[in-house]
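This document starts with one chain, in the form predicted alone, laid out as structure tokens.
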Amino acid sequence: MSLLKAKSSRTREKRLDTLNAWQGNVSAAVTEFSDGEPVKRIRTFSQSTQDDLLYALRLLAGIRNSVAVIHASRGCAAAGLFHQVSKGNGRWIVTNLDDRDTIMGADLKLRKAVKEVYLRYKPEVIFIVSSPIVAINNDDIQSVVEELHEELELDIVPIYVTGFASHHAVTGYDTTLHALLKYLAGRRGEHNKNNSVNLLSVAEHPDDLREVERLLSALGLELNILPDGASPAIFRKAAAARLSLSLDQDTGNYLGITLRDEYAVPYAEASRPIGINATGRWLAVAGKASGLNEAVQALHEQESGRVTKALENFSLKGVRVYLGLASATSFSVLGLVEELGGEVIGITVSRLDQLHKERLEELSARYPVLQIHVADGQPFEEANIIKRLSPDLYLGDSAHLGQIGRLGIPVVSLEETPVLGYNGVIALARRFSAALHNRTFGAALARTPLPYKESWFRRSPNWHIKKEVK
């Protein structure tokens, strides 16, 4: 059965056996995924987490010449305010569903909203983003799409997110990418093949995108970048490309496999290009798929020599590092820390699933007792682990940095720092150096106590993680 015939994508749990609650060493994680479907865990107490609606809005904010109609209450649309600033796309509205709409439905309100944004903005495409409320009142979004598509002669794309179908917010990316291909890419077999290469980039830092463009353009490749910054027409072009390359297997995997299975576009997947060696391996995958092996080798030698010279006075030797990042990013940053001479003593990742099995096996062969903590939005568990391990440096996103900093540990946020390619190595090394040498702010922050009672820290970090009973 065609993937795109379905109303929406399958959840990460069903498609990839994804875990969002787990703690143990690398060897145990390998065993979990080698013995068939891993045993699901639940949390008896969960502090916070995002949902698929937030991820869907984040992705849609990067689509050019579009408008998103968020079919929800005002609260569900709050994330649009952040994406308006961070992505520069302020064209969205919310249908502002109230109590009556929740019970009686709001099809007429949705029709009015779609017509209003069409008259006001004249976009190339309108997205209708559902919400938990719509999942309850069962509004017939599809009928609105079909009716207004004919009336306005415009692409209207429904995004069926629910907020509770999956424990993994990243499912919102899959759901959105499913809809974009289903409604914008066209039918299989009706495209004329082109010579472009799809660069699959989901919510990447702009400097990272420029760095990868620089490297692939140096190889003479014609790039078709999506979904970041893509216009609706790009998705149709993507269905006829010669190859797809992913920058992050966690976020771009569904797009890559759907283009492969539905449109016969080969999909080349490799670990994120973070670090000198990892960037070389990523380019080698691109070179092999494009018949550019010699050009890739020459480019890698030139760029790696430049980076090595720039970092000749920097080393992480003797520095014990803890990572708290998205899964694919964590595994790649671990390799970079090793390149710079440091030691990773533990990892918190957002999820573990079949996509990470090969990387886990590699780590198990070298560091079988390395501890992995799987959590998204559980800072109290991570703070407990960090307090016990007392690393010299913490690398993470911005979600928990304030709490980790209160433990007196230097922290570096990778959320707004370029990390990809050869220039990413230089940028990260400078951030690491600054954090290790400038400890005044960290010392001041450490005088502010954490919000948790000491009794919390006397419990094991996985106290609230239990095996699911069916």
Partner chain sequence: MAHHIEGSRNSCALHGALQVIEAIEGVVPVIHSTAGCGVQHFLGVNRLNAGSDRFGGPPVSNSNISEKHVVFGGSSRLREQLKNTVKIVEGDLYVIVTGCSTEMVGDDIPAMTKEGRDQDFQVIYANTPGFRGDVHQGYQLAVKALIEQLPALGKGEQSSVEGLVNIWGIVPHQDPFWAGNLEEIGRLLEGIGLKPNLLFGYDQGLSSWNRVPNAALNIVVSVWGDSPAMLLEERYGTPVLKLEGLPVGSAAGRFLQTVSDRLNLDLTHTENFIKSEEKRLNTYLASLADTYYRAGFQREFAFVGESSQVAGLSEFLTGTLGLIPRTLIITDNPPEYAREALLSRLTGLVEGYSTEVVFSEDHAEIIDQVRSGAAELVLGSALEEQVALALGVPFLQLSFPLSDKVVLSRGYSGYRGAAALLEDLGSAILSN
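These figures come from a predicted structure and were not determined experimentally. Residue numbers count along the first chain shown, from 1.
The same protein also has a form predicted in complex with its partner chain, omitted here; what follows describes it.
K.L.:
Given that the partner is absent here, state which listed stretch (307-315, 177-185, 157-165, 348-356) has heavy atoms within 4.5 Å of its partner chain in the predicted complex.
P.N.:
Stretch 157-165 is the one.
K.L.:
Taking a heavy atom within 4.5 Å as contact, would all three of W22, R430 and S460 count as contacting its partner chain in the predicted complex?
P.N.:
No.
K.L.:
May I ask you to choose, among R242, H205, K237, R91, the residue with a heavy atom within 4.5 Å of its partner chain in the predicted complex?
P.N.:
In short, R91.
K.L.:
Considering non-hydrogen atoms and a 4.5 Å limit, which listed residue (R281, K112, K387, K193) is close to its partner chain in the predicted complex?
P.N.:
Result of the distance check: K112.
K.L.:
Would you classify P232 as touching its partner chain in the predicted complex, given a 4.5 Å non-hydrogen atom cut-off?
P.N.:
Because no heavy atom of P232 falls inside 4.5 Å of its partner chain in the predicted complex, the answer is no.
K.L.:
Classify V425 as contacting or not contacting its partner chain in the predicted complex by the rule of any non-hydrogen atom within 4.5 angstroms, answering yes or no.
P.N.:
No, V425 is distant from the partner.
K.L.:
Using 4.5 Å between non-hydrogen atoms, is K453 touching its partner chain in the predicted complex?
P.N.:
K453 belongs to the contact set for its partner chain.
K.L.:
Looking at the partner-bound form in the predicted complex, is R100 within 4.5 Å of its partner chain by any heavy atom?
P.N.:
Contact with its partner chain, yes.
K.L.:
Taking its partner chain in the predicted complex, which residues along 30-60 bring a heavy atom to within 4.5 Å of it?
P.N.:
Sequence-ordered list: R43, T44, F45, S46, Q47, S48, T49, Q50, D51, L53, L54, L57.
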